[in-house]
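As a starting point, one isolated chain is supplied in structure tokens, in the form predicted on its own.
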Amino acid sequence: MTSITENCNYSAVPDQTHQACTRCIMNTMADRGISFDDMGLCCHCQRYDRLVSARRLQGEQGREALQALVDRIKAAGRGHEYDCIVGVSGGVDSTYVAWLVKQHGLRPLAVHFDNGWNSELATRNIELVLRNLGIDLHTHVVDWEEFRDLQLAFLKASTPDGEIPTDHAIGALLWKQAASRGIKYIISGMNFATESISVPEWSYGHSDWRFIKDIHRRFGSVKLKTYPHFSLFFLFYANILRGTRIVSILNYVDYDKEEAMTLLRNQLGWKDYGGKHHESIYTRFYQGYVLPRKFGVDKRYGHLSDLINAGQISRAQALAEMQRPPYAEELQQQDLAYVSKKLRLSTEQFAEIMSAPVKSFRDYRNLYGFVQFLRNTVNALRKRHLYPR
């Protein structure tokens, strides 16, 4: 899970003067809480510079640390059928992680959360890649009526957090599969190089079950009997009492997205989706249609700025990409029709959702302050080398 930016001021009154970062493409229109130093460098880039040497281990240092990690995972997994869990979506990051752990002789169980929105290509990629790698797959198929009701509740809540029902359930599924199988390590595809920027006003609630419950209480109607979820108390149990760890293995290698995609295409037959997280029809639609049109949020600002900081694209390339639509207009209209039909929304009902006043997670019950306290505690332990990455 990407940590919330630590030195952008999201409690201050936004400065309405337009300003863009001198290195990345983040600006005051994309992020209202952004701030800049005297040289025009934004708080996201400042945070990246401050933390990159601790979060990314490259070259020989990375290889040595990765081998030590692999040895720990193997030791912890002795006597079990699997020694780690890998969440798979069919996207480039999780697919590369699956390839990487097999290269290091680990025995992963792949876990997939089927929320009913997989593209045909995503299903094909998952099946083909795991078969070629010889990795077993556990798929959790969500109860559609429950999940539809929760997704609709988030749309009606009018916050930009519409992907939280999926993200939270994925986390819950990984943690609970690890607990039930006695597995100590969950290998994550999150990485600091290409996913360091996170803005609370873009999306909040990945670990906040109180927030999710409150939105469903206000706008939902179907009881969530089987929806995978977890509380912060469960995280305490899993992390502290059971010693289960989420490890961002891509932070131990020189991870380049374009090189990774080339490898996956050539060795495993994987095919690209044409956009970040486009393996999910709903995510493609939500990030490329709903967020920009209703909330004025275009997550490409963060994604491309991360790649600039990682040295994988130039600022000019990122700005050129931002001149294009999030994805093809014709496909946006196809997705609009498909999503509306699948959620059983009329044209008028969807238009009403899109025109409703914008709200924030702060308008609902949440554990934001406590979550921040926990993040700061974990970061402090990391600095003292008491808590592994």
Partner chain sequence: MLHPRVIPCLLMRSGGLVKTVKFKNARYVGDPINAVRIFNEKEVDELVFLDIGSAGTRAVPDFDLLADIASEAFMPFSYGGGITSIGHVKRLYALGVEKVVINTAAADQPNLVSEAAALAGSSGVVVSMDVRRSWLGSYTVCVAGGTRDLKREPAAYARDMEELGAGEILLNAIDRDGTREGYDLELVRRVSEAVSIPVVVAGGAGDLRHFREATEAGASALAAGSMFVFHGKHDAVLITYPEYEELDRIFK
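Small disclaimer: the values here were computed from a predicted structure and weren't measured. Positions refer to the first chain, counted from 1.
The form predicted together with the partner chain exists for this protein as well; it is not shown, and the discussion that follows is about that form.
The partner chain in the model of the complex comes within 4.5 Å of no heavy atom belonging to Gln312. Although the partner is absent here, Trp144 is a contact residue: one of its heavy atoms lies within 4.5 angstroms of the partner chain in the model of the complex. Though the partner is left out of this view, Phe230 does not reach within 4.5 Å of the partner chain in the model of the complex, counting heavy atoms only. In the model of the complex, at least one heavy atom of Asp136 sits within 4.5 Å of a heavy atom of the partner chain. Remark: none of the three candidate residues (Arg218, Arg362 and Gly369) comes within 4.5 Å of the partner chain in the model of the complex, counting heavy atoms only. Contact with the partner chain in the model of the complex, judged as any non-hydrogen atom within 4.5 angstroms, is confined among 354-362, 331-339, 46-54, 26-34 to 331-339. The contact residue chosen from Asp254, Asp71, Glu81, Glu259 relative to the partner chain in the model of the complex is Glu81, the criterion being a non-hydrogen atom within 4.5 angstroms.
Put simply, of Arg124, Arg242, Lys102, Arg293 only one has a heavy atom within 4.5 Å of the partner chain in the model of the complex, and it is Arg124.
Using a 4.5 Å cut-off on any heavy atom, the one residue of 162-192 that reaches the partner chain in the model of the complex is Arg181.
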